[in-house]
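Just the one chain here, laid out as structure tokens, in the form predicted on its own.
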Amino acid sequence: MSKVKIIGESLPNIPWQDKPKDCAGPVWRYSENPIIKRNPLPGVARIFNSAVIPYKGEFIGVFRAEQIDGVPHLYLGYSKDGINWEYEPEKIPFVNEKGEPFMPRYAYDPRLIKIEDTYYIIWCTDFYGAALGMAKTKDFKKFVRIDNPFLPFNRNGVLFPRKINGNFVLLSRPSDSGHTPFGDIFLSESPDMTFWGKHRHVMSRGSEWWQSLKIGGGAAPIETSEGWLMFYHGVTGTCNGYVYSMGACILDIDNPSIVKYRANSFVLTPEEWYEERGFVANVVFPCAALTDADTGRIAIYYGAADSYVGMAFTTVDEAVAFVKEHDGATEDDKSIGII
């Protein structure tokens, strides 16, 4: 029985593998990684940085699929166990509110979350520059585009899994038109998924080497009795390019622009061949997490080297304990996020 409670539903069929005896950190990799390899379906060279959610007793996913022409789009996939996947052969057919085809020019790094009776997909798209695209569905058959929430340039849009103080809440990372060499996490609110405001700063890149260049939201925050547990990515620059690692923090339950605790050490960094070697080397990029409220188990999906999908595991007790023990939250992190 967990000491820290996950506020959510039971997921008895959550993918799981017990922690190896030689693992010292709070997060451990699935021994059969990567769970999605190269050339996963015709016309697609790589799947990575993708989102998964429970659906009707099984699992459904929205996948970043790099086509063989190099353009990224979103594809739908299905799984009975959350590990072995089958995919729709064509891109997700987005439409506008009138039901007319409305496909993005490109789409990548999706997140997928259920809020009340609706599933929302948010991704990075082209809106005269990198910006956030959004869509909604109730049955994973009809996908209706929603107005882009922000002007360019922005990436790493992550929705909270429920309204807070009556509003939808969205994390994002304002950026520029290139491969941004900077970035902090911000929070915005909306009463209707159309008009966004009440913008707040959540946290800045850290002074620690592994997150010294930029940070960005990862999996949707997990509601717990200690606050919102969030796995995010931190980036550093080296003489041989960027390195992406996975970090963790805990946000205030009612005012999530306030960081209660923030681990000053990463919880996962590129070490295995499928993380160090690929289309973009040295990348661990979390995009989704499954949780089981009964056991406190957490299964994290992450992109590896822009070439594969990996899976890692932890428990809410172990993750929260690690974040609190290695807390490096600054006074700015702990503020409400207004200057």
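Don't overthink the numbering: it's just position in the shown sequence, from 1. Nothing here was measured: the structure is a model prediction, and the numbers come from that model.
FYI, the form predicted in complex with a small molecule isn't displayed, but the following is about it.
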Report task. Quick one: find which of 308 to 316, 280 to 288, 37 to 45, 23 to 31 has residues within 4.5 Å of the small molecule in the model of the complex by heavy atom distance. Result -> 280 to 288
Report summary line: Picking from F186, F160, Y261, Y108, the single residue whose non-hydrogen atoms come within 4.5 angstroms of the small molecule in the model of the complex is Y108
Query raised in the report: Is there a heavy atom of Y244 no more than 4.5 Å from a heavy atom of the small molecule in the model of the complex?
Result: yes
Query raised in the report: For S50, is any heavy atom within 4.5 Å of the small molecule in the model of the complex, or not?
Result: no
Query raised in the report: Contact between K214 and the small molecule in the model of the complex at 4.5 Å, heavy atoms?
Result: yes
